[in-house]
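This document starts with one chain, in the form predicted alone, laid out as structure tokens.
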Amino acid sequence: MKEISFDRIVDAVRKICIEANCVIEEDVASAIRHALEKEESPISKKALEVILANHEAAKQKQMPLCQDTGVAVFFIEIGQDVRIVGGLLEDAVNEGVRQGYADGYLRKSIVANPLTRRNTGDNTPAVIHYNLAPGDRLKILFCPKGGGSENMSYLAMLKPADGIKGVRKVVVSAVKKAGSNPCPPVVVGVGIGGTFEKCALLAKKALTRPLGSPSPKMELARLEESLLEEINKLGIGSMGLGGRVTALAVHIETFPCHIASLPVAVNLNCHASRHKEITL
């Protein structure tokens, strides 16, 4: 049984909260550079150049890429041979968020009650998704999620007869309706199947794949490619200024579902698609 201390988790979470908000990951930077090569609209090319310049400035100055440093969303994989000592895992994650958002001068965006709207003052509580796995490692994936992209989420409970055609319509319509709000070029996460809540989680989990990596399932990889092509014909472009590149990638995750159901969820990431992973 491998023991991991409470304090070690706090320190790791603190670190990735700051890094994810200040330093873009290479898969995202590469996708933006590729988009710049493809784009033909002068104003959208300029927007992409500004995005890349912002990436470099944020990295050099250790400042947030965006003023919206988001909800602290975590996907945590816990090895079944791991034991947390010195406190609870959830408490350690929240303490790491508290310290990271304070030390990194990151905006605190969480309100304690969705109706009365009082800010918690430290960006907690985090939204944490757990998965038990074999082994003795603790993998922590942090994906800060800004309000502009999260507010453009969409879920539809289709009839099975709607099929792939219905799924395509939901995904493309969601991106079209979102327009410039999620700060495109976007990354499109799609969940298909499961139940109401599982489908939404699939869409969010789809956004954690390395940007542009195709689904290992051939039929889904083809659907991702064709949806990306169709979305990029919408003409929304970078920051809604028009052009050839509206989305950087479409990622799809699926799960078995009820014979009477066909749930489809869409979750968008902005052009920064922030994420950082650490393994303890």
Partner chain sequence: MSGPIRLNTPLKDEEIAKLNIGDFVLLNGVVYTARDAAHQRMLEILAQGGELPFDLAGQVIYYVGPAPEPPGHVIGSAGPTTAGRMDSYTPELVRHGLKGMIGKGQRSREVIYSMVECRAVYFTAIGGAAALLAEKIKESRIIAFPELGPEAIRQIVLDDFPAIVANDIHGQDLFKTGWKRYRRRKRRKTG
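Because the structure is a prediction, the values reported are computed rather than measured. Residue numbers count along the first chain shown, from 1.
Quick note: we don't show the form predicted together with its partner chain, though the next part is all about it.
Partner proximity in the model of the complex, defined as non-hydrogen atoms within 4.5 angstroms of its partner chain, places exactly one of 26-34, 211-219, 248-256, 56-64 at the interface: 56-64. Here is the short version: of R137, K198, R107, K205, the single residue with a heavy atom within 4.5 Å of its partner chain in the model of the complex is R107. Residue N181 is the only one of N181, T124, S153, Q99 with a heavy atom lying within 4.5 Å of its partner chain in the model of the complex.
In the model of the complex, its partner chain lies within 4.5 Å of some heavy atom of E230. Of the heavy atoms in S173, none are within 4.5 Å of its partner chain in the model of the complex. Taking the partner from the other structure, its partner chain in the model of the complex has no heavy atom within 4.5 Å of any heavy atom of G166. Although the partner is absent here, N119 lies within 4.5 Å of its partner chain in the model of the complex, judged by heavy atoms. No member of the trio R8, V82 and G86 reaches its partner chain in the model of the complex with any non-hydrogen atom inside 4.5 Å. Of the residues in 222-257, those that come within 4.5 Å of its partner chain in the model of the complex through at least one heavy atom are, in sequence order, E230, K233, L234, G235, I236, M239, G240, L241, G242, G243, R244.
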